[in-house]
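The structure tokens that follow cover one protein chain in two forms, given apart as structure 1 and structure 2.
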Structure 1
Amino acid sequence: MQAESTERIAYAAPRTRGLMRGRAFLVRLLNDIRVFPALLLIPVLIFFILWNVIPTLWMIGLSFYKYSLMSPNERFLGLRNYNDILNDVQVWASLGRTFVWVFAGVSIQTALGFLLGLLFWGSRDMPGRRIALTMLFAPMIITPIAAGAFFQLIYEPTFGVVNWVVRQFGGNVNLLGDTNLAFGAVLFVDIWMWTPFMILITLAALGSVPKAELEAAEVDRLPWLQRFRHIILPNAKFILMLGILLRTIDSFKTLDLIYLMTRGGPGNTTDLIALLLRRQAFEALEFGWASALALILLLTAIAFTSIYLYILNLSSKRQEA
């Protein structure tokens, strides 16, 4: 028995030493300031590669082919899909409407959001402030599909609230069926939904302004306009620009709201570029052409981001100088 126990201890000793060495190596690895962050990034990198890099590379490769579910034979076209898109009048018309949509929507949302955010920031002791903010943020929580269905009922020409009010004054209106009114009617819904987001961004930006500088300006009796120009805006502009950038990118790819409310009509008055892309990909089943258009839109969004960041960096350098 004693011999067997000695043999077991002798056999287990190398395994124990190996486990201890492995544990010590793992502890040193986790304590290494260079290795541990890399280990934390590995799951994120795997997710990013699977869901972003590989589909993007597949889309780029597909954009050079004639690939359609209607005709399963693939055919290499080179740059012909891109040439067809650049010479397509419908693409340019949709892109023009999209730029108008983005510029008008983001501008109005930023202006209203900043003014309302400034109002709430300056009235912290106002009674019912939290309730008012909660009600203002409610549209941002609603999904675009729900908001679109909600406003479809409001705009409905037979029993809708808007047309009922107009009929009291002897008129009649079909907001979603009129080519002159449909674009503005849908844009109003987008503004109603996302102005609270800019209010939230404005409150976050104004909250980053150092209180010491505001108190010093108040002691020096600096006029409010100069206080805003020299203290508030320089400290808040980075977060404001970030909010504008996020809204610009999100507005550029608007699809669900338009698709539910108008399907791009009446005519083509609300046919934005994202809706055209969806129609070519999932109705016409022209995946090669749609992939080329998607890549062009991706590069356009990257250009938007680069311009915003360049302007922000340029203003920061001027301020430091």
Structure 2
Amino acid sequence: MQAESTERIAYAAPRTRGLMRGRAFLVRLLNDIRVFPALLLIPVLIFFILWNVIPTLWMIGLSFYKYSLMSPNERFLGLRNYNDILNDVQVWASLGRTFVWVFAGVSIQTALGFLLGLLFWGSRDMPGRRIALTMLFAPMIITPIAAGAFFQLIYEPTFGVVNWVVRQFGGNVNLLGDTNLAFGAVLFVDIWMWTPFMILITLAALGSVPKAELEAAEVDRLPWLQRFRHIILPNAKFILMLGILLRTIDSFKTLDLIYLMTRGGPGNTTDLIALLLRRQAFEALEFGWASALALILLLTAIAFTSIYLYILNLSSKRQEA
């Protein structure tokens, strides 16, 4: 027994030594200044290539074809899909509505959020601040789908709270069923959800105003409007702009909330571009056409991103200066 185990050790030793050498080599390799950064980047590159580069190339390719899951044979169309989209009345109507949606939504959120943000500026020592802020910011944290679902209940014509109040004054509204009111009713939910975001941004922006300048203004007894124009706005501008731009981009993407509340109806009155694209791709199954539209939206988004980064660069340069 003894002999056997010695023997085993004798056999094992050189192998372990070889293994050790192998391990040392591996450690050196993994530690190498040329290998190490590459290893760090490989996973992200794999994700990036598999889920972005390849699908995007695929999409670019498809956008030149008539490719529908309904009919199996694809046909090369060249730029016909793009031509169709640019001449499609529905697309332009949808884009128009999306523009109104973004413009109205973001400006109301910004104005309201900014005013409320100013109000909350001195709230450091308010009792129960943390709970109050959690409640204030809750609308943007919950899933838009849940918000859409319970606003449907609140808007419900028979037993919803809104119509109950309206009925006390002798009226009667079916907010989501009325072609004139549905857009506003859904937009209201969006404003409710995202005004807190602009409050948050405003608080951050106001926080970036140097205390010294504010105190100097206090000492000089500068009137409020002047303080606002000469001290607050120049300092707070960049973060506010980043917030507005983020909101613009997100608002442009809106789908969940409307999909759940109205599916673009009644009529087409709440049909934004993202909903149109979803319908064409996953209901009509016109993937060639949908790819072309998706690509147009992709380019739009890249343009937005460039503006965003431009402002971000400006603001960080400012902070360094």
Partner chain sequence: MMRVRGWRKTVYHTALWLVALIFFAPIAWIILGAFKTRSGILATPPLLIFTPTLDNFIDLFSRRNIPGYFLNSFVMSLSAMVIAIVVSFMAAYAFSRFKPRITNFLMFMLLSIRMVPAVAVVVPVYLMYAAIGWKNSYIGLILFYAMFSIPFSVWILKGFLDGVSQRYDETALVNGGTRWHVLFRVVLPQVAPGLVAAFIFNLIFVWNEFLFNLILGGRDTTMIPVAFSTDLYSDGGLNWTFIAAMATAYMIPPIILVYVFQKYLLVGMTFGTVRGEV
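Numbers given to residues start at 1 and step along the sequence of structure 1. Throughout, rigid core stands for the largest set of C-alpha atoms superposing within 1.5 Å between the two forms. These numbers come from a predicted model, not from an experiment.
*Compare the two displayed forms of this chain and pick out the form predicted on its own.*
Answer is structure 1, the other one does not fit.
*Would you say Ser123 moves between structure 1 and structure 2, meaning its CA shifts by 2 Å or more once the core is fitted?*
Yes: Ser123 shifts by at least 2 Å between structure 1 and structure 2.
*Using a superposition on the rigid core, decide whether the Cα position of Phe282 changes by 2 angstroms or more between structure 1 and structure 2.*
No, the C-alpha moves less than 2 Å.
*Does Pro43 count as moved between structure 1 and structure 2, where moved means a C-alpha shift of 2 angstroms or more after fitting the rigid core?*
Yes, because once the rigid core is superposed, the C-alpha of Pro43 moves 2 Å or more between structure 1 and structure 2.
_Tyr308: how large is its C-alpha shift between structure 1 and structure 2, with the rigid core as the superposition reference, in Å?_
So the C-alpha of Tyr308 has moved 6.4 Å between structure 1 and structure 2.
_Can you give me the Cα shift for Leu133 between structure 1 and structure 2? Core-superposed, in angstrom, one decimal please._
Superposing on the rigid core gives a C-alpha shift of 2.5 Å for Leu133.
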